[in-house]
Every structure is written in C-alpha cells, then in structure tokens.
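So this first bit is one chain, no partners, the form predicted on its own, shown in structure tokens.
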Amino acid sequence: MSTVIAPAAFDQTALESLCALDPPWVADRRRAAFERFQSLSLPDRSDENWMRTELRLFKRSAWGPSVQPGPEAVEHEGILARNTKSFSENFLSPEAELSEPMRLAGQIVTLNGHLRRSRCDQLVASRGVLFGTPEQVMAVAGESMIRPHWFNAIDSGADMFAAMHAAFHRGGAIVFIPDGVRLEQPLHLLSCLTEGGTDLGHVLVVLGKGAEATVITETAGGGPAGSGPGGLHCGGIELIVGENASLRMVNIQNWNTGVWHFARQKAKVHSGGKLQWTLAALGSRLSQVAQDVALVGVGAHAQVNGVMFTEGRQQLIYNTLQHHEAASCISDLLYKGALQDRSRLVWRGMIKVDKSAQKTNGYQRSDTLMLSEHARGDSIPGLEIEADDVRCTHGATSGRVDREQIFYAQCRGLSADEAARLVVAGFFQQVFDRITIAPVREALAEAISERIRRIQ
C-alpha cells in the first residue's frame, strides 16, 4: 500500500509552505481564502444545494495537503489509456506511426497533486500555446496573462470546500490558447490518487479570439469503499471561451469508490463562442459538484452532456446552472444516469435568464434509469426568467427497466446480464450520439458496460 505523508490538518503551516512557492499575488489570494476557510464549517442541509448530501461520516480533521506522494506510490491509468498513445515515450513524435484512434498534443499526469509527467508537442508550443501545471505556466507567463482569469470564474468563498480549494490548491493545469490558434489533437490531464491521498488540483482553460481546442481531464485511483480513508478530491475548473472560439471539454470522474469528491466548475462563453462540455461521473464514494455555464456574450452557445452510472452505495449530487447573461444565446443540457444496487443520484438544474438576455433559447433534460428496487434518483429542474422574449423548456424522467424488454432479449438467446447491458446501452445512446470525440464515446460505453449486472 502506498504511503502519503500529510500535515495533521489544513492549517497555517501548510498554507505558508504553499505560499512560498507562489508568485506574491497568488499567495495573497491563498491567504484571503484561508481566512474565509477558517470561518466556515461543513455545509448543512439549510443550503438547498447541500440538503440531499450526506456528510455525517466526513471528518474534516482527517485530511491535509499531501506533501509528497512517496517513492513507492504508483499512478493509475484512466479509462482512455487503451484508446490513446498517452503512455508511450514517443507518443508526441511527429515521425511516430500511431495506430490508436486518438493522438494527444500534450499530457500532464499528477499524483496526489504532484507532477509525475508533463509533455507538450513542440509544434504546438511553438504556436504560443501554454500547457502545464500552474507552477510551470506561471513561471514563464506574465502576471497580466493569468491573473485576470485565475479564480475569477468560480466562487471561492461559496462554502467550506470552495474556500479549502482556493487556499490549498496544488497541481492541475493551465491551458492558454492564443487568438486564432486551432489545435487538432486533444490536450489530456490525468489526476491520480493513492489510497488515502489528497488532490486539490485546479484547471484553468483560456481560449483567445477564434481559437479552437479539445481538453480532456480524467481522474483515477484512491481507495475502495470500506478500506479506511479512500481519498479526498477538492478541486475546481474554470473555462474561458473567447469571442468566436470553440472548446470541447471532457471531464471524466472515475475515482475509486472510497473517494470523497467535491468540485466547483464554471465556464464563461463570450460572444459567438461555442462550448461542448461532456461530463462523466462513474466513481467516488460521494460526489458534490456545482457545474455552471455563463453565457456572457451575444450569440454564445453551450451544449452540456452528462453521463452517470452509480453502484453499491455511491451518492452523486450534481447542481447545474445555465446562466444567460446576454441576448440571443443558446444552452442545451442533457444528463442521463443509470443506478444500480443501493446507490443514489441527485440532479438539480436551473436555467437563469437575466432581464437583458432577450431571444434566449434554453433547454435542460435529465433522464434516470433504475436498475434496482433499492436505488434512488432525484431530478429537480428549474427556471428563473426575468426576460420576456425567450424560449426555455425543461423536463425530467425517472423509471425502471421494462421487464418485457429483458424477457424479449433473453428469448433471442441473450443472458440476463447481456440483456441488461443492451437495455442500458440503448438508454445512453441519445447522449452518446452528442459526444463528438469517438474514443471518449467508446471508452465511456465500455466502462459502463463492464459495471452492469442483471436487473435486480
């Protein structure tokens, strides 16, 4: 078993050790967040976003920032490993003959927030693209380039976990794509945990005017449920899509089943910008995620896709916000989740339209499929509209597998498990069809298929 040496708590000593590595303006923001963190306790059920979250077994004092992952620590592979050239020494070589379906323009691998590998194609870097850990990028980029975006999208004081992340963040990545630069291959970030480890990585993606890029983040590792402290992730993601820029963002959450997962994620899409954001939630013991999209420029467009599968006693809570701040914008959200065993899935979605956001077109839908009598899914869509010339619709469905479908499939020679996989594959097909990155689509379908058992 790998060993992680950590301070007794998230305290002043741990804070100052991180501040010593930062530019002064980053250290100042850390200290301000730490003051906020000290004044907060665990969120309680009086907050609507947290009222369905079970935190009684979470012990704040049990965790601290990871100092080092340990020499014997072993990183994990993400579900995309078999579909990329991620782990080959020459995977970025222009001369390499690659048979895999997806080639990467760059990759970062972290373990407990500490860098293990970082690579970026030389041709990509020569076009002014910055891709590295925050420490790497801030060492070469000017303050004026990073400071306007760093922790400016997400609310770092929203609750105790947001303040913890803002004060003690380490690892993650910064992606900066200059105006007019278009990347054909994806950039990939894999964040790994050892059993009992802590990850507080922060991801910032900034696309300049007319830029295009695909960024994929994955998580892996941590301990299984019932084996002691499985791990803690408390992270953040900020996406800035410039005017007429286009970003395909993929977040694959595949922690082991003992990991506590807390995250705040927000995108800002400027005039004419396009965002396709695909989120997959497959792992963790408990996930509490706020995923917000702000359409801040005229004619901005956002498509959000969610794929979720829970089993055992997993509990996943996702709060989404589609915030229309400017006129003539489009947002389209589709979440699909399947639940097995005694797991629980909660989705609470809101479309908010400001008074100035006329000609808004907003849509949100969540579908839940129960594979067990003991599973529970809660879908809570909502609208908050101040403009009077809009088209906003929402919907949610929840139901169990039709036994006749299973019987029909078995009559055609399929086993009970094969029949269940066929039905679930059909359920997810609508959202899979919206995922334009074939290796991602195929990896998610395979990962879900491996988890499905016969209908209970």
Partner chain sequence: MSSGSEKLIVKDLHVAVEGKEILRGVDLEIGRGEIHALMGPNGSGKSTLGYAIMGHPSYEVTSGSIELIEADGTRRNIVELEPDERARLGLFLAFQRPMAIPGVRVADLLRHAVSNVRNPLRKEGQELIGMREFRQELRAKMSELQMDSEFARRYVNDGFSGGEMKRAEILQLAMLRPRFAVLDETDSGLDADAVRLASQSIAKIGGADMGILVITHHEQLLEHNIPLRTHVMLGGRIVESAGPELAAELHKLGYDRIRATYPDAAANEAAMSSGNRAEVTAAT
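A quick note: this is a predicted structure, and the numbers were derived from the prediction, not measured. Residue numbers count along the first chain shown, from 1.
Heads up, the form predicted in complex with the partner chain isn't pictured, but that's what we're talking about next.
**Asked** Considering D389, D44, E48, D402, which brings a non-hydrogen atom within 4.5 Å of the partner chain in the predicted complex?
**Response** The residue in contact is D402.
**Asked** If we take heavy atoms and a 4.5 Å cut-off, which stretch out of 35 to 43, 418 to 426, 59 to 67, 389 to 397 is in contact with the partner chain in the predicted complex?
**Response** Checking each option against the 4.5 Å cut-off leaves 418 to 426.
**Prompt:** Is L55 close enough to the partner chain in the predicted complex to count, meaning some heavy atom within 4.5 Å?
**Reply:** No, L55 sits far enough from the partner chain in the predicted complex that none of its heavy atoms falls within 4.5 Å.
**Asked** With the cut-off set at 4.5 Å between non-hydrogen atoms, does A27 touch the partner chain in the predicted complex?
**Response** It does not: once the partner chain is placed as it appears in the predicted complex, A27 has no heavy atom within 4.5 Å of it.
**Prompt:** Do E446 and the partner chain share at least one heavy atom pair within 4.5 Å in the predicted complex?
**Reply:** E446 lies outside the contact set for the partner chain.
**Asked** Any of the heavy atoms of E16 lying within 4.5 Å of the partner chain in the predicted complex?
**Response** It does not: once the partner chain is placed as it appears in the predicted complex, E16 has no heavy atom within 4.5 Å of it.
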